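Consider the single chain below, provided in structure tokens and representing the form predicted on its own.
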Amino acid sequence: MGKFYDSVPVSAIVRIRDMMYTVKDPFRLDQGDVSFDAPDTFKQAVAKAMTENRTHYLPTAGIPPLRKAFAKKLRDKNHIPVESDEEILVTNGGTHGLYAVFHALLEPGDEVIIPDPEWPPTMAMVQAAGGKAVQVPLREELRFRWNIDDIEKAITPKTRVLYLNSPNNPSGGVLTKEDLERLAAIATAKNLWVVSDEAYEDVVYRGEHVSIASLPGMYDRTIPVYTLSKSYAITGVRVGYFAIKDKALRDRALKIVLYTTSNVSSIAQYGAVGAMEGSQQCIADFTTELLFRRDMFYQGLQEAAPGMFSGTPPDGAFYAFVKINPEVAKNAGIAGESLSWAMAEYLIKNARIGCVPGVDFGANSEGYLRFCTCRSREELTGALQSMKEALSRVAAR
């Protein structure tokens, strides 16, 4: 079994991160880490927990007040019919939640339908659980949503799970309620489980976020997975959660949580209670600022790299997933077996800008780049200026 993990890929994001540590004064547009500070409600709850010496073992599923807060949020905000706090399991961030869910659901050879593009660890976690990721392209002409007919064509007798990530990382595509209703009908007809990764639920600029588990009868076959990382700017603290109605499956998932983390950090959990029970104004404030940064980056990109990149500002999340013009890149001397990698490496080495090659998110995403627009205004401005200078140098050759 140990050798099996040799075949599980490591995301290029890790390689890019390592490269960025060799760059002096880098612009870290490669990592989806918001520049905001955590809200005072969270920090004060952490301080209180430390003062009260809450530094000991906890229930594996999570502390009762936090499970209660998450269950209430799922009912009130996401409109998911959670009946009991017992249906909630607290995890060490959203990644840990997905890892536990896939390991609880999948048998060797099971197929999981996943978007292309999609955050690379998703495919790796499916593979680590013995499954096979089947990527179905998101359509740029549909604002990076699926053509639902493509999903129906991709289903085989081995398909067990339909994985949703809306808003999507890296494209920012947001599935509509009509999309979700069609997907719900397909999942029901084909007896599929749905894993709904809603990490960016609070970062929607156009349309609305709808949880598929809120649709009639869908919570019975849907496992919604969440994280506090993005909504409360606590990416390094690692608190996530998911809900499972089916008790047998939930008990299986609890074992995976137990044997991978014993329990999530006590201080982090008490801090999370403070964040959940306190004012939620920070979420609206963050989203307003992220919208400004999105627009600022896309406007600046036109001046910094005229003709080099194209793309429409996304409907959600906080990334710019832009298409590289191969002819303009070639004329600038930027070319390689993978245009995505050639451009990413050029910008890292010559402009100090971290970014991620599109091909890492899926084969159909070759020729794209992902920039994170959640960094500070100053860092985004500096990156755009550095990009302009670097590309001007090659254009003048």
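One rule holds for the numbers: they count along the sequence shown, beginning at 1. All values reported here derive from a predicted model rather than from experimental measurement.
As for the form predicted in complex with a small molecule, it is not shown, yet the points below apply to it.
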Touches the small molecule in the predicted complex: Arg238 (any heavy atom, 4.5 Å)
yes
Taking any heavy atom pair closer than or equal to 4.5 Å as contact, tell me whether Pro224 reaches the small molecule in the predicted complex.
no
Should Asn169 be classed as touching the small molecule in the predicted complex when contacts are defined as heavy atoms within 4.5 Å?
yes
Check whether Lys230 has any heavy atom within 4.5 Å of a heavy atom of the small molecule in the predicted complex, and answer yes or no.
yes
Region of this chain that lies against the small molecule in the predicted complex, out of 291 to 299, 140 to 148, 114 to 122, 271 to 279 [heavy atom, 4.5 Å]
114 to 122
From Phe102, Phe321, Tyr219, Tyr200: within 4.5 Å of the small molecule in the predicted complex by heavy atoms is Tyr200
Only one of Thr95, Ser266, Asn325, Gln127 gets a heavy atom within 4.5 Å of the small molecule in the predicted complex. Which one?
Thr95
